[in-house]
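Read on for two forms of one protein chain; each stands alone as structure tokens, with the labels structure 1 and structure 2.
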Structure 1
């Protein structure tokens, strides 16, 4: 699998893109695998970040709340350190070229490939009657990436398969209609690309109610960490990144002597877990505090501030996307 790891970070790449669904509040898995990595990459690479509202409507949602969640998600991006002067932040549905290209790519991707997608199988199990949008989600995701000639896509392990399918779509299109798309790569931190939920039962995920959220107060973090499962049963075989708990993630983020000692005592000897959990909760609360603080400052500026900024960015994103679409329409014979 052509993923790249931390060690490849110095290699120049011209463009990075990622997007997150506006689920209302981002969790630490979203931060670590996507947003924080963009914050790093934006220093040296051109970067784009979007709110994937069209993906959000493929599972049940509340229409009256959707836009507020989109705005909130943008606020969280900014609060987490994404610099709007370095990174183009926009909303997927405001750039209609995404759906146009999504349709064209869905006409190239074999049904059998889409049926293999793990996320589709998981979501189908959750939402008993999946809709067509959920099934063709990876075609839209491929469009999200290919429209902007992106090279790198920072994602967690659960999205790697979709980026692989994006590569397939790009290659198929290029083969059928001539060189049109750049073939992107997933950008995955292998040591922290798959974060287990606090209940220890599977992936950390909003829909499973087992998340540590960026806006959780220190009290909530304390409560959640005290209840979190320390040594969950893990699947014996898994592809790609190893699943890690919030505690293992914490130990990576805070690699000091005190942490290492307490962690060893709790994980290996099953003692001092209360103290260890207290330390983990404190450190994670301190880690997330600046995000909460910046989020509150941005919220005080009101929604209009974000809406204005999004309107200007939608124009920029549309202009770029349209350039690609002109190439695509010509190559595929639509013009």
Structure 2
């Protein structure tokens, strides 16, 4: 598989793109495994970040809440350190070329390729009656990537399959109509472990209600940590780095003498766990405090501030996407 890892020593790629669904408040697992990685990449790469609201409507949602979640997601990413001067942030539905290219690519991808996608199988099991949008999700995702001539796509190991399908779509189009698309590679940070949920059951997930959210108050963090499972059963199979608990994450973030001693006493000797949990809650609350403060400052500016920011960025994204679509239309005979 042609992919690049976090420790790859090759020359950095020139353009990176990633998307996120506006599904609600981000949690500390998102911060460590996704947002922090983007914050690092933006220092040396040209980054694009889009809010995937078209993907969000493939599963049940509340229309009145969707735009609010889009605004809130952008606000959270800015609060967590994504620099708008280094990363172009825009909303997927505001760039119509995404759906245009998605349709063209869907005409090239075999049904069998889409049927074998793991995410489609999982969502089908959850929602029983999948819609066409959910089935063709990977074609739109391929369009999201190929529109911007991206070199790398940061993903977790579970999303590599989608990038591989994007590569397949690019190659099929290039073979049929001539060299048009750059073929991207997945960027997998193998050193970024998934965070186990506070209940010790599977990964941290909003749908499971086992998260420590970036905007949780110190009081809420304290309550959640006091109830969190210290030594859950480990999953027997996993991809990438070994999943870690919120406590192991804490010990990595605060490797001091007090942490080491209390952690050992609690994990190995089953004593002083109350003191250890209080230390964890205190340190994590302080760790997230700058994000909460920055978020409050952005929220005080109102939604209109984010809307103006997104409107300007949509113009930039459309201009880039249209350059690609002109090549696509000419190559495929649509112009």
Ligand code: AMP
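Think of the rigid core as the biggest set of C-alphas that the two forms share within 1.5 Å after superposition. Positions refer to the first chain, counted from 1. Here the structure is a predicted model, which means the values were calculated and not measured.
Note: the form predicted together with this ligand is the first of the two, structure 1. With the core held fixed, the Cα of residue 223 is displaced between structure 1 and structure 2 by 2 Å or more. Core-superposed comparison between structure 1 and structure 2: the C-alpha position of residue 271 differs by no less than 2 Å. Remark: with the core as the superposition reference, the CA shift of residue 249 between structure 1 and structure 2 reaches 2 Å or more. Core-aligned Cα shift between structure 1 and structure 2 at residue 286: this is 3.9 Å. Superposing the two forms on their core, we find that the Cα atom of residue 261 is displaced by 7.0 Å between structure 1 and structure 2.
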